[in-house]
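Below you will find one chain, with nothing else, as structure tokens; this is the form predicted alone, and questions on how it binds or moves follow later.
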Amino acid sequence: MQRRARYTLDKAFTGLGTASVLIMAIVLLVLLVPITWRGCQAFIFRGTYFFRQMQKVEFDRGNTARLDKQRDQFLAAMAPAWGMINEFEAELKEMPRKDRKKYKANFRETKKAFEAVFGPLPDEKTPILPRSQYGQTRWDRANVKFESLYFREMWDYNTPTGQGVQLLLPRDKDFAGTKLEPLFDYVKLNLSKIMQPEVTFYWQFLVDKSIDSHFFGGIGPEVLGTIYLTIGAILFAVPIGITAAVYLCEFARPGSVLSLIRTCVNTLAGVPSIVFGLFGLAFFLNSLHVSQSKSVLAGALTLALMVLPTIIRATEEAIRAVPHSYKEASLGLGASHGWAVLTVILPAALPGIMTGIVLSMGRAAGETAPIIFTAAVSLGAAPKIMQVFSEPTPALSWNIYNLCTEHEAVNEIRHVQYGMVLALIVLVLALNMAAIVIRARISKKLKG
């Protein structure tokens, strides 16, 4: 009976374990597939003529002769549309005041929608903001904006429930019988000819600076800032963490004080990251004045404090896993305790220590709260290497949050948000892979 019960329990645990792995795999697929798919759209998409024009003007990138040819095609396709608008404006001036008032508001709204798709009219002054200087640079956004041009949105509240129902009314009905009526069908039929969409691989998204609050350009400053903060945190945390772990394992006298220190380290690992951010602001910036305001240095120090418990605990476990005979053999050959730790125990524990460092790097790269008050800014260039002691930096984690919650045109730059998320995941994976490769080589070397 007992044997049968053990067999049943084994089967049950095996089933639960398999189910847990499957659930975790499904959750990862549900989480990562949409992120990967939509993140890739920041790099691969159908770029319009305006994208290539923007790249030439802002980054001096692209074939000039080819762009000139496309511009001629664009101007030829747009000339009838611009002509209809000019003719209607002239017609509007000739109308009786009553009719002019009827069309004026609709025309102003239509003109604004037209410029949102195709950029400013030829006879208008160049707008100050880059977002208003170009038409839609992506074919998918051009189609969305065209819908706003072709249809006028209205809400009908005369429903039994009292809730508004969205109505899309064709704008050509608003201008029936005028010079502007043919414009909408003309644009609809020639949209592809005007915008000239082409499949584009925009790998420079990873290195380009952002233009006009991420309406155009890439995420280069954010990527570089994240690398700065991650490497800075590891540079501070690793030496302190390993030294502390060695002391606690090899030199500290067992007792209540040591137990209290270990309890404090474990508790520190569970402190919410926002608390570390506030502590970094109060201690590093307001008390120590490591910099006059936010800086990469202050952010890296705060992140280092946050990952320090992880490195200490991982290093302690790695040192304890080293066979005691290694230490005894070293001491038996006449080495001092410190020399035995430095030359025998730490090298043998290095693969385990690297595991702790890998986990810490991933957490430092992805944390947002600790750098809100100490290092992160929403816009601007990443500081040069000698400016990290005094200048703040954009960072992927903070800018993802910022774009999702505070950007004025959040729906128009979804591709940037997903591109940032994908870049952050890939960056963390790349850092982890690099650390794993180093750890594997060290293990292989130690095994001889």
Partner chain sequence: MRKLILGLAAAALLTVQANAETKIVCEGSSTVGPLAKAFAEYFMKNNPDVSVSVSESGSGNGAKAIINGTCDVADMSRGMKAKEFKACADKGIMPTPHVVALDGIAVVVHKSNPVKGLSLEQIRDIYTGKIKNWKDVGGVDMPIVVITRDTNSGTFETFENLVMSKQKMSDSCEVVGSNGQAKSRVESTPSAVAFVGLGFVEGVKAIDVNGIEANLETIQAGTYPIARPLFMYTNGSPKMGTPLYRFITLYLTEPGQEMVEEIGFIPVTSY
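Residue numbers count along the first chain shown, from 1. The model shown is predicted, which means the values in this text are computed figures rather than measured ones.
One more form of this protein exists, namely the form predicted together with the partner chain; it is left out here, but the text below deals with it.
Taking the partner from the other structure, the partner chain in the predicted complex has a heavy atom within 4.5 Å of a heavy atom of residue 390. Using a 4.5 angstroms limit between non-hydrogen atoms, residue 132 touches the partner chain in the predicted complex.
Using a 4.5 Å cutoff between non-hydrogen atoms, residue 384 counts as a contact of the partner chain in the predicted complex. Using a 4.5 angstroms threshold between heavy atoms, residue 63 stays clear of the partner chain in the predicted complex.
For a residue to qualify, one of its non-hydrogen atoms must sit within 4.5 Å of the partner chain in the predicted complex; all three of 379, 407 and 411 qualify. Only one segment in the set 323-331, 207-215, 350-358, 68-76 has any non-hydrogen atom within 4.5 angstroms of the partner chain in the predicted complex, and it is 207-215.
This chain is displayed alone, yet in the predicted complex one of 256, 163, 263, 336 has a heavy atom within 4.5 Å of the partner chain; that residue is 163. Taking the partner chain as positioned in the predicted complex, the residues of 146-160 that bring a heavy atom within 4.5 Å of it are, in sequence order, 153, 155, 157.
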